[in-house]
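Form predicted on its own, single chain, as structure tokens, below.
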């Protein structure tokens, strides 16, 4: 599998020179295997995808972890949604008293968006994620609810013997500096287990988290400890705070690395980077 990081920022997009190194677009990654593609989340990073390379593919699948603005704000602006020849499948979490289509319609309609969802010319198919693994092309996909405000899922994407876990917004446990001793009490643990690559929320420092309990994000330390417990082989720290300069983020990461030791590679997510597993 090839993974492209098109958007790594959380909350809202930025365009300043201080956030250019790690990237200013909000959450979106693309997974490619044998010319079959999945798009995970539709933040502004989705606008970086070269959809001309999709010209031979009539179907595009977009999997949403949740419906916060930084994960859907690119939906109305990517070219294929206005192409009548394209079949766009949007997958997202249920778990609400309103169907997924109705919740998306609140964004893709006036006054927030000039075009009504029903008037979008592509063949748009909206799916609520099933509570069991399902197949899209060569991909076996598992989604599970995780700890984050609003109905939110994490994803595990598998092809043959390889697995990628994508959990961009996540608070594995509330108001604790350490993981629970029991694995089954840790939110998202099964998605991460033995993954070849874990892309995980790591927005806060330990001190920042003390003032952000319940906001749905976690620390670098907790993300790394979760990766270690779950025996993930590689960790990419995701969902960078848009209010934090890249230089400060890198400094925080270096301090974390200097005071902690792990036997697997850990890196900060960088917009535009490609990863192969």
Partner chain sequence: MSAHEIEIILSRQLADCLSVPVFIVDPDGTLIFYNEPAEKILGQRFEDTGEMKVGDWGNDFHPHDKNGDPIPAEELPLVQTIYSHRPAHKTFWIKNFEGKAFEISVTSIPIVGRSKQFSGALAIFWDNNLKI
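Numbering follows the first chain given and starts at 1. Because the structure is a prediction, the values reported are computed rather than measured.
In what follows, reference is made to the form predicted in complex with its partner chain, a form of this protein that is not presented.
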All three of 67, 107 and 113 touching its partner chain in the predicted complex at 4.5 Å, heavy atom to heavy atom?
no
With a 4.5 Å heavy atom cut-off to its partner chain in the predicted complex, the contacting stretch among 197 to 205, 72 to 80, 171 to 179, 118 to 126 is 171 to 179
Using a 4.5 Å heavy atom cut-off, which residue among 159, 100, 193, 147 comes into contact with its partner chain in the predicted complex?
147
With a 4.5 Å heavy atom cut-off, would you call residue 96 a contact of its partner chain in the predicted complex?
yes
May I ask you to check whether residue 134 falls inside a 4.5 Å heavy atom distance of its partner chain in the predicted complex?
no
At 4.5 Å between heavy atoms, is residue 186 in contact with its partner chain in the predicted complex?
yes
